[in-house]
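Below, in structure tokens: the form predicted alone, a single chain.
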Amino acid sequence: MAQRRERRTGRRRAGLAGDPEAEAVGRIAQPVHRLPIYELASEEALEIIHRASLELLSDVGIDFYHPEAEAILKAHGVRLAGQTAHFDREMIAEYVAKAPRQFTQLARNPARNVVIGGDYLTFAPVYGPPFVYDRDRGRREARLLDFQNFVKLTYLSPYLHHSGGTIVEPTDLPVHTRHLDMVYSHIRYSDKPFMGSVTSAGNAADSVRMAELVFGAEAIREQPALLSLINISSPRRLDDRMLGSLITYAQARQGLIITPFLFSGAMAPAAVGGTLVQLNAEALAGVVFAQMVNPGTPVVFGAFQTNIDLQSGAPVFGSPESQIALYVAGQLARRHGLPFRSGGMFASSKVADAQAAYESVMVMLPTVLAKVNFVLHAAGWLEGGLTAGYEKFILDEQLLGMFHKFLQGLDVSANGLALESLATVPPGGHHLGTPHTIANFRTAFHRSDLFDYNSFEQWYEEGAQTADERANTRYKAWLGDYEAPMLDPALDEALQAFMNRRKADIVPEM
């Protein structure tokens, strides 16, 4: 009986029918931030950090391991000592100002286009794990079927606005061609925006070509169809793979998330202030270089930062220090006039347990309060990013629903104040049956359709299921009820023909 009830819920959620709050969210591509922004650092402190970052860029420098990148830097007046680039302090603001303050990323379904920047938030799923986990089969290597499953689950959620990128690594496919299957899966099984491959310039070019087939070459130069993750190989270097991808995407005017990858105590100082100096310098170097390649290229100021446990060397997610860095990085991004990427449902836990919940909320609440514009890893992250959890994905998705409601802020409209109801209920009465309550009872307060709000007795009689057990049933129901969005057969044929040609042409790296 429970399985039948869950399958009906899955169908309702997939179509957003019968759930008023989910329907309302589904009609809004993404939430708008209406809360006060938490500003942790003073203007004086931000200026101190920024000036130190400029000193790092000018006097110490950032390494660029790519011949074409070196030529571009020299052409724009950057001093090179070997592969180390030294940026004049005055040029940083000039080139950063060439980047748009916000931009729209295209989706295959135009109703699902997303705005990156400003007051808008975009939630995307976990990125990069080579393993997956569920309660039935435990931890195992990710396969293409898992990748497709997570694309489908993301498509079905009204609280995830973006399909993401390498949600998991499909280890059953050849490394040199798997990027084609991943990009195709985003196009075939979802109609939300998606990310391109960044493992080489050639893979980036393939991603651009597939986006051109879907949207048209001219259209994606006007508004990007791809948003791709460029990680800085901290400390202070951009490697040839990331630079090759960055150049390819910037030349095609596709969106880039420039993100230092920092563990304080390892790739950054064991001090939050020093980490922020390095983070700001590395991100600005990538942003400036992207504008040198193609002025006006959409870029996002990224921050992936936490600390290691100095006793064991293991990364720690949800630490108070990492959240201080998150808040201040957001202030720096706004200071530069750039969209901001950070945060996520980070957890060191290996399964969807209490530790995973505490760690994830410890990161996501600051993420919302800091007004992060693009949140990668918003659902599914386990084991420090090594594993994507099916049950964790569903539980995270439920939390995102709560954050959507939270982001709406305080309603002081006539309906929000409910003065008529206040005036008609006598002293000692109640509001349970008033016209105002009847009119608002479905949408006044957020109610998860997965979490249990019943009495102990009713919960026990109905099977005493834990949250992760219900999440296990939910993800299977969603996948069982999934229906793919329409894709023009001629476009599908063109995409598959391109993939087949490229798979025949690509020579594996030795």
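A residue's number is simply how far along the shown sequence it sits, counting from 1. These figures come from a predicted structure and were not determined experimentally.
The same protein also exists as the form predicted together with a further copy of the same chain; that form is not shown, yet it is the one meant from here on.
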Are all three of A52, G265 and A268 close to a further copy of the same chain in the model of the complex, meaning a heavy atom of each within 4.5 Å? yes
How about E169 - does it come within 4.5 Å of a further copy of the same chain in the model of the complex, if we only consider non-hydrogen atoms? no
Although a further copy of the same chain is absent from this view, report whether A75 comes within 4.5 Å of it in the model of the complex, heavy atoms only. no
Classify S58 as contacting or not contacting a further copy of the same chain in the model of the complex by the rule of any non-hydrogen atom within 4.5 angstroms, answering yes or no. no
Answer yes if any heavy atom of F406 is within 4.5 Å of a heavy atom of a further copy of the same chain in the model of the complex; otherwise answer no. yes
Of the options L227, L246, L395, L160, which one has a non-hydrogen atom that comes within 4.5 Å of a further copy of the same chain in the model of the complex? L395
Could you spot which one of A423, A81, A217, A97 gets a heavy atom to within 4.5 Å of a further copy of the same chain in the model of the complex? A423
Since the chain is shown here on its own, which stretch among 302 to 310, 197 to 205, 107 to 115, 142 to 150 would lie within 4.5 Å of a further copy of the same chain in the model of the complex, judged by heavy atoms? 302 to 310
Partner contacts in the model of the complex for 383 to 417 (non-hydrogen atom within 4.5 angstroms of a further copy of the same chain): E383, K392, L395, D396, L399, M402, F403, K405, F406, G409, L410, D411, V412, N415, G416, L417
